Structures are given as C-alpha cells and as structure tokens.
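Take a look at this one chain, the form predicted on its own, written out in structure tokens.
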C-alpha cells in the first residue's frame, strides 16, 4: 500500500475535448489555437496524428501547417475545457477526497486508505481511466508511485491511455536513466546548468553530492536532489485543507496571444480580482506585488515591487501590476501567460502609518466596492457582476481565476524554508 500517490493527466486535453464534442474530428490531425484566422498565433495543443507529423505546443500556426498541411485548426473554447475539467474532478472525488489539481487537465490523488475498489490503488486508477473513456470520451495517462514527483514522471512516461507504476522495487531501473529535464521543475535553464556539471540523467542528479548542487543552484539544488531520489514527502491535500499562507497568487495561460496593453490590463484585472478576494478572505493585505510574464516563445521573466501601503484592494493591485508591466515589457512579442502574486502579507487590522499622498476616502470607497462584489459572488457566482471594461475583451472576460485556474500543487517549496 506504499505506492498510493497517483498523478492523472488527460491526454491532449483541449484537442480530446474538441473530438469528444465533435466526433467527426476523431482520428484526424487537429490543433487547438487561439485564433485560426491569425496566422501569427500559436498551437495550444494538438491531437496525436498531428503530433506524429511534428506539430508541437507553442509552435506558430504557419509552421504547424507547413509540417502538416491537412491540419484542422480549432479555436480554443476555454469555458468548455473548464467544464470538462470539473467533470474530471467529479470522477476523482468518487474515489478519494485527497485531490490536488495542477492546472485544468492534471491532478494528484492520494489513495491511501481509500475504500473504493477494495483500497487497491492499481484498481482505483484503472477504474478512473475507464470512467474517463466511458463518461467523457477522452483518455488519460496515470502515474502511480510513492512520491508526487515520481507519480508525475509516471504519467509522462507512456502516452496515451497508459498506467505506469514506479515502486520501490523498480524506480532505480526505470526512473534513473530518464533525462534530468523530465523531472518536475527542472526547466531549460536548470537543465543547462546541470549539464554543465556533467549531470544528464535523473540518476546522475540523485547520486550527486548535495553540497555541490547547492553551490551551483542554491537551495533549489537541494530540492531537485530530493525530487530525483523520490524523497518529496508532501501529503496530498484533503478537500478543505489549508496550508500556511505566505503569499497569494494566480496565473493564466490565455486562450489567445495577448498583443496590446488593453489585453494585458484585462488579464491583470481578472487575476488581481482573485488575489484581492483571497487576501480579503484570509484577513490579510500584501506589502509587495510580483508579476510573471511568458511570451509566445515561452521566454519568461518576473518582476516585483514594494507597495506604498499594504493593500488588498483590487484596483490598487491592478494599478501596481500594470505599472510593473509597462516598465518592463514593450511588446516585442505576443504574450502567452501572465501571473500576479501578492507577498509579504500582514493582517488587515495591523496599524499602518497614514500617508498624505494617499486618498483615504477613495480607499474606503474601493474597499466597500470590493466587499459588495465579494458578497454577490459568494451568493450568486462569479458571473453575477463584472467590471464593464473587461468586456472590451469578451474572450478573456470569463476567467474566474480563483475557482477555475489552480496552478501550483500544495507545499512543494515549503520544505525550502528549512534547507
């Protein structure tokens, strides 16, 4: 029963959902993209027939069509994908109350002590796989292991429609030969640094001296060393669990490339609405804000600033995020995703020094406005009230970042505090 952590990853999720909704697309080379009419857009995901022709995520549409002339382009329908994402979670909750989403199409499941299928993890994940096909018309790949990272490796190990088990008896034989870049949170920059150290496989990383890794990568070197050895011992969050909060953030991969300031403002407003609402629910304010920006080529950067006064007001968070963005990005390329994080949290009732350049009456009005919006959305749902300006971009305006866009798993980097 030690191998009781599963990671479930829906195969080619956006494309699979489109084929489930439109059976005439089954078996064909299709790609979901932001706007098929925009020849400068990018591919969000592709079906396996298209992938076999070389079509990849983040590839330019013109490049994908050159590789696969018969490629059928489908415009992304984020609301549809969110609905299917909720269906997948409904399936998970039949078998366990320990579910950690990792984006729309992935989740970790804690299976220890689950009575379903006699408590046998392998039988449980097989039942989940069958339910995906029978009820949703899509397939998934599942990894089953004794750690979160190895379970994630397992779901990536064989696709589509596969179940892979990495247990104590086989993980050295099956995991250690894999490229180090396959490990969760080992991106291109970290891979390059590890390669410079002569580390090319997960086994190389697992057997490397931790002190050497720390000198090269800092604390992250110790974290990835633990991951390579399957030492991550974070539990799977139970429904209702809440980890100690040190920051609050959301990010979003948008259904089309963002190409101008108004696009960015709309997304930052929606993200800051979520961040502000969560801060208010926690009874906190943030003293700093950070933005993250990823362009169409998947290049990424983040910037942060200290705020004049602690705040959880949506309009103030949005203004700070947009000011950071305008200062550090000048539209050399379209943008694929944006993120906002409030950090250095303090309690809302903590005394602060008033400033002459801050309009206290205006702040009070904005606080009452946010409170009214929060109350309406709690009672009637997110769409009951929205800011008029976000509807200048209706394809972006429907994002409920707080409820529909869970990005990061619980607690992965909490262990770094003690390193």
Partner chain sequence: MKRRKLYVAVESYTDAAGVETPRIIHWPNGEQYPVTAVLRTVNRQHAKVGGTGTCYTCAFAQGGIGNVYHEVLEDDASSVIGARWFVEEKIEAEHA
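Residue numbers count along the first chain shown, from 1. Between two forms, the rigid core is the largest collection of C-alphas that superpose within 1.5 Å. These numbers were taken from a predicted model, which means no experiment stands behind them.
Keep in mind that the form predicted in complex with the partner chain is not shown, yet the notes after this line are about it.
Not displayed here, the partner chain is kept clear of residue 310 by more than 4.5 Å at the level of heavy atoms in the predicted bound form. Residue contact check for residue 101: none of its heavy atoms lie within 4.5 Å of the partner chain in the predicted bound form. Proximity of residue 215 to the partner chain in the predicted bound form: non-hydrogen atoms within 4.5 Å are absent; the residue sits far from the partner.
Within this chain, residue 84 lines the site of the partner chain in the predicted bound form, having a heavy atom no more than 4.5 Å away.
Stretch 75 to 83 is the contacting one of 183 to 191, 75 to 83, 331 to 339, 115 to 123, since its residues have non-hydrogen atoms within 4.5 Å of the partner chain in the predicted bound form. A single residue from the set 168, 94, 219, 158 has any heavy atom within 4.5 angstroms of the partner chain in the predicted bound form; that residue is 94. None of 209, 173, 135, 196 but one reaches within 4.5 angstroms of the partner chain in the predicted bound form through a heavy atom, and that residue is 135. Of all the residues from 165 to 203, none has a non-hydrogen atom no more than 4.5 Å from the partner chain in the predicted bound form. Relative to the superposed rigid core, the position of the CA of residue 306 differs between the shown form and the other one by 2 Å or more.
In summary, the C-alpha positions of residue 304 and residue 102 converge in the predicted bound form, ending up at least 3 angstroms nearer each other than in this conformation.
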